[in-house]
Each structure stands twice: as structure tokens, then as C-alpha cells.
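Heads up, the chain below is alone and in the form predicted alone; it's given as C-alpha cells.
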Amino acid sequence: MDKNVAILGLGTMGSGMAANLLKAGISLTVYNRTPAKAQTLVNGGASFAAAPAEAAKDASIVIAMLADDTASRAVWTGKDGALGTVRPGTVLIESSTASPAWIRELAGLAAQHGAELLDAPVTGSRVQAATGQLTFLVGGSETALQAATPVLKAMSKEIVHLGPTGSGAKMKLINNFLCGVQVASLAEGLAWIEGSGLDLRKALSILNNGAPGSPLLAAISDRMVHRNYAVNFLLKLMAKDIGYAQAEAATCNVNLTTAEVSEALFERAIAGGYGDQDMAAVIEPLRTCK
């Protein structure tokens, strides 16, 4: 494929995305703040850049997959940031779960350099990133999306164009708000089951196979029961996303009251030392039977 792609950020999601780009035969340059995390990709044929600017300078498409607005701003606009070297016509893809306010600002900065931004966050977690089964939620122009589609296809099962710049970021926050509330309520419900004397297996079978059931409930309840908190989705990032969701909903005069309560549960878990574990660990501070 005649694309030179740079990917900035090799965390839980970025590393899997980068591996699938290599599998597709795409010429890839990677940047990560911790270079050791890039070694497997370099062994597989990727080039490593010591700074975002170096990664972006020869790329036709630059993808960022980072933790939050602060990290995104740093790689695009900070010292040796990628925007300093992008060429006119480059398509920038921000796949981080970011605030729509930052996406709008970044789009303006990209335009000043003759580049175009797609906000393209994803649904799916570590497994989907590793297997190329993500869904991209895209905001931006049809022209930029057409240029990026072959690259996005290498990492995904579906690409949904939602509208103009910022549309993908908004949809992702709605998605994660609903997920976060469900995980928080599941944590409370499971802690209640554990303290009630009910048969845990039978209770979960009723929930998973009944009206409350969902793929998310099934996966997270299993992790909670077995205390398996290997990271699929970082707990502290869910807290961040719920906070972003509340701020964005407020611009539409919508008060996410369930988000406020759920965020408090996630913050409680962070205070208890679970922030760098999977979001399923939100149950731990609630458990009456340790």
C-alpha cells in the first residue's frame, strides 16, 4: 500500500493498531514516550522516531492514540510536536478519546499547516485493537476520510462517518458515558449479590441472560468475579471520559446525573489504588466481603 503512516502512542490500543498496520504491509513509523514499548514493532519492520516531529515529517497519514487532551496536545503542539513537520495535504487522525473542544482547536491548527484532521476514536478495547476489529467513529470531510480509509480498514471491522469535525468525539463520549454507568451499576449490584447470601452463579446467569444482559455486562462481571484486572480499559481513563462527557453534555443543556454518581465511584476506586487496573476493578472499594 502506497502510504507512509506514523502512529503516535503505543499504549493498550496503539500497539495493537500499529501491529495491524504492519500486517497490512503499510510503511510505518512509530513514536512512544517510552521507547522500549516500540521494540516488538521495530522488530516487525516499523521505524522508530525519537520525537513526534520526526515521526510525522515524511508521513501522508499521522495517527495519534493517547490518554487524554493533555497527552494529545503534547504530541501535536509541544516541543518537537508533530504539527511542526506535517506537510500540506497530510491527513491527521486523532483516535484518542478527546474532548470536542480540543478536537475543534486541533482541526484549526491542522488547517494552518495545510493538513486536514479526522477525529476518529474507536469502540472496542485491547482485544479488538489486537485483532483488527475496532469500529472507527469518524468526524471530518469525506475527502479526508477517503484518503484514510485503506489505513483505517487495516485496523477495523467498521468505519462510521458521523458528520463534520467533532462528530466522532461526541459519539465516543456518549458511548463511554453509557458504558461507564453500566459498569458502575454492575459493580454495585455484584457487591450487593456477594453480601446478600444469594448463589452468585445463579444470580449472574439471571442477569446476563435477562433484560439487563449485554456483552459488556457479561465480560465485566466475569472479570469482577475472578478479580481479573489485566487492562482491557484503564479505570482512570473511564473516569476521565465520564468527566469529558459531562462537560460536553452541558453544552447542550443536558445534566448527566447518572454520570456524576458513576464518576464518583470510579474516583473512589482511583483513590483506593485501582486507577491503573482494568475498569472492572471499580467494584473493589464496594466489596463487603474481601
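Here the structure is a predicted model, which is why all the values come from computation and not from measurement. Each residue number is its position in the shown sequence, starting from 1.
Beyond the structure shown, there is the form predicted in complex with a small molecule, which is absent from this document and is the topic of what follows.
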property	result
Proximity of residue 20 to the small molecule in the predicted complex, heavy atoms at 4.5 Å	no
4.5 Å heavy atom contact, residue 126 and the small molecule in the predicted complex	yes
In the predicted complex, residue 97 touching the small molecule (heavy atom, 4.5 Å)	yes
Close approach of residue 56 to the small molecule in the predicted complex, 4.5 Å, heavy atom	no
Contact test, all of 10, 232 and 241, partner the small molecule in the predicted complex, heavy atom 4.5 Å	yes
Interface segment, criterion being heavy atoms within 4.5 Å of the small molecule in the predicted complex, picked from 197-205, 74-82, 136-144, 179-187	74-82
Contact residue in the predicted complex, chosen from 237, 26, 61, 41 - any heavy atom within 4.5 Å of the small molecule	237
In the predicted complex, the one of 265, 66, 256, 51 near the small molecule [non-hydrogen atom within 4.5 angstroms]	66
